[in-house]
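In the form predicted alone, a lone chain appears below as structure tokens.
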């Protein structure tokens, strides 16, 4: 889906979102609530410039619109893998963006993320995955890496990964598998404005992804291991 279609469905009352290169920024009302909108488009790679631009928009919202909820609209091919960006320390730019999102959260801004097209790897970790709640549209493509790349990195045969992906969402790309793992709260269909309003009402700063993954059968051990660590620490 193009961002214009997504924005029209999310904000049927109108919006002032603009596209500046690969950056989306603006605002839109959902019912009585105005959202600050920050995002990316054109399957862009998130490099140092875009990370800084998004971080600046987050800080501008905190400064100029206290308490206004923030919606990240995400379409990205992931972190830019270029020598220049690596030499400049792109990891620090990504960390800066994530810290700015956390600043917004600590200043009582609810933060939501929506993958409206595709999201790969580091391109949506410091924004939408930092949100209080992250969702996706039905046709969204989400993955850390594709199976051939995973086979090269892990040295596990591609055929074996393909078999594992049939049962384990950890190995399988796709928005539905990220829902099973709890990383994505839900797939939004139907009235997107209504879904946005409902998500805002449910969003809170506590991370429920481990529990969601456990309940949905996508992450069998994360929540239980954390509980064991907490119990062991409390007993000392």
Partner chain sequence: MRTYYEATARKRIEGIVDADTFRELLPPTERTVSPHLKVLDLPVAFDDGVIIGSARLQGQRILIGAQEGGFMGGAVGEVHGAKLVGVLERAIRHRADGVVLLLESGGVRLQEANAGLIAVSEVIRAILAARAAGMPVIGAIGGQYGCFGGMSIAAACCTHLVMSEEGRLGLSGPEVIETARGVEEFDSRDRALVWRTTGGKHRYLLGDCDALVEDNLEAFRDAIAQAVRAGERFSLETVEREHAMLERRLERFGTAPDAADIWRMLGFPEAERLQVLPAHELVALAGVHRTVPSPVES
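Values in this document were obtained by computation on a predicted structure and should not be read as measured data. Residue numbers count along the first chain shown, from 1. Definition used throughout: the rigid core is the maximal C-alpha set that superposes within 1.5 Å between two forms.
A second form of this protein, the form predicted together with the partner chain, is not displayed here; the remarks below concern that form.
Any chance 99, 225 and 232 all have a heavy atom within 4.5 Å of the partner chain in the predicted bound form?
All three within 4.5 Å in the predicted bound form.
Taking the shortest heavy atom distance, is residue 25 within 4.5 Å of the partner chain in the predicted bound form?
Because no heavy atom of residue 25 falls inside 4.5 Å of the partner chain in the predicted bound form, the answer is no.
Residue 215: heavy atom within 4.5 Å of the partner chain in the predicted bound form?
Result no; residue 215 lies far from the partner chain in the predicted bound form.
Evaluate residue 210 for contact with the partner chain in the predicted bound form, applying a 4.5 angstroms cut-off between non-hydrogen atoms, and reply yes or no.
Residue 210: yes, in contact with the partner chain in the predicted bound form.
Hey, in the predicted bound form, is residue 72 touching the partner chain, heavy atoms inside 4.5 Å?
Residue 72: no contact with the partner chain in the predicted bound form.
Heavy atom within 4.5 Å of the partner chain in the predicted bound form: which of 52, 193, 33, 203?
Checked against the cut-off, the match is 52.
Counting only heavy atoms, which residues in 84-103 are within 4.5 Å of the partner chain in the predicted bound form?
Stretch hits, in order: 84, 86, 87, 88, 89, 90, 91, 92, 93, 94, 95, 96, 98, 99, 100, 102, 103.
Taking the rigid core as the frame, does residue 148 move its C-alpha by 2 Å or more between this form and the one not shown?
Yes; residue 148 is a residue whose C-alpha shifts (by 2 Å or more) between this form and the one not shown when the cores are overlaid.
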